[in-house]
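Next comes just one chain, in structure tokens: the form predicted on its own.
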Amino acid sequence: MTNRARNIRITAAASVAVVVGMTGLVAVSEPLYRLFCKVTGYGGTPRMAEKASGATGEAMFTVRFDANVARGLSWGFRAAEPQMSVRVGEETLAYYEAKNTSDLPLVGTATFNVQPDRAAPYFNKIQCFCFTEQVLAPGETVRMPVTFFVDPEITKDVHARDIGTITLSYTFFKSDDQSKARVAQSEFKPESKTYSN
């Protein structure tokens, strides 16, 4: 084998390795980014927790609940209460409601964030419906719980001292995979249901 042929093979192998490596990075980038956001609260992503720490404080915050539906999903979506006052460290339960207003079963998935971004590292969700596919039959309504607490450490953060209101915002999107909707068409009846907390 000549030097030229060997160089061509090495270049080709290196090119293939670079393409495979970049494809692998693309495949894991979204899960790694989500994990990073959950751990750090980056980009307004609330943190996940098993339970509230048990430590409470005197500080009170107004938590607003925002509900949005992306274009292409024929659902009504709202917070059961638009806002509530919560004490730092206290475990709190809120509900959102979604209703399929179309004449077809639909699968939706919700994403979320917290504003202002500075509050996100201290906003801990214990239970929520985010990133879980929700399948609703025509006319069906579902009531979905969100359990959360605001970490008392927020009161020690000099960059968060001016925060009095925290907004938890959800947006429902139509799932790309609607196969569960076809299965659900024969199983669901148009009635309300509530997920247990």
Partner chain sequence: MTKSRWILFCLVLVGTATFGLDALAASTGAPVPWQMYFRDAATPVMQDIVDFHNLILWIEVAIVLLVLGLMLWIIVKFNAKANPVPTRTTHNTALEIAWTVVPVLILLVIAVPSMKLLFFMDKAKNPAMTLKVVSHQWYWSYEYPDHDGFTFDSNLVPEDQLKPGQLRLLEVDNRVVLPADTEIRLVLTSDDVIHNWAVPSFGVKMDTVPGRLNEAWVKIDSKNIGTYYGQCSELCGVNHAFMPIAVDVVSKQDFQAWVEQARKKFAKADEPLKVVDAGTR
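Fair warning: this is a prediction, and the values are worked out from it, not measured in the lab. Numbering follows the first chain given and starts at 1.
Beyond what is shown, the protein has a form predicted in complex with its partner chain; the following relates to that form.
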At the 4.5 Å heavy atom threshold, is E97 in contact with its partner chain in the predicted complex? yes
Is T92 close enough to its partner chain in the predicted complex to count, meaning some heavy atom within 4.5 Å? no
Give a yes or no for Q127: in the predicted complex, does one of its heavy atoms lie within 4.5 Å of a heavy atom belonging to its partner chain? no
Can you tell me if N68 lies within 4.5 angstroms of its partner chain in the predicted complex, counting non-hydrogen atoms only? yes
Listed residue (Q134, T155, T167, T147) with a non-hydrogen atom within 4.5 angstroms of its partner chain in the predicted complex: T167
Along 60 to 81, which positions have a non-hydrogen atom within 4.5 Å of its partner chain in the predicted complex? R64, D66, A67, N68, V69, A70, R71, G72, L73, S74, W75, G76, F77, R78
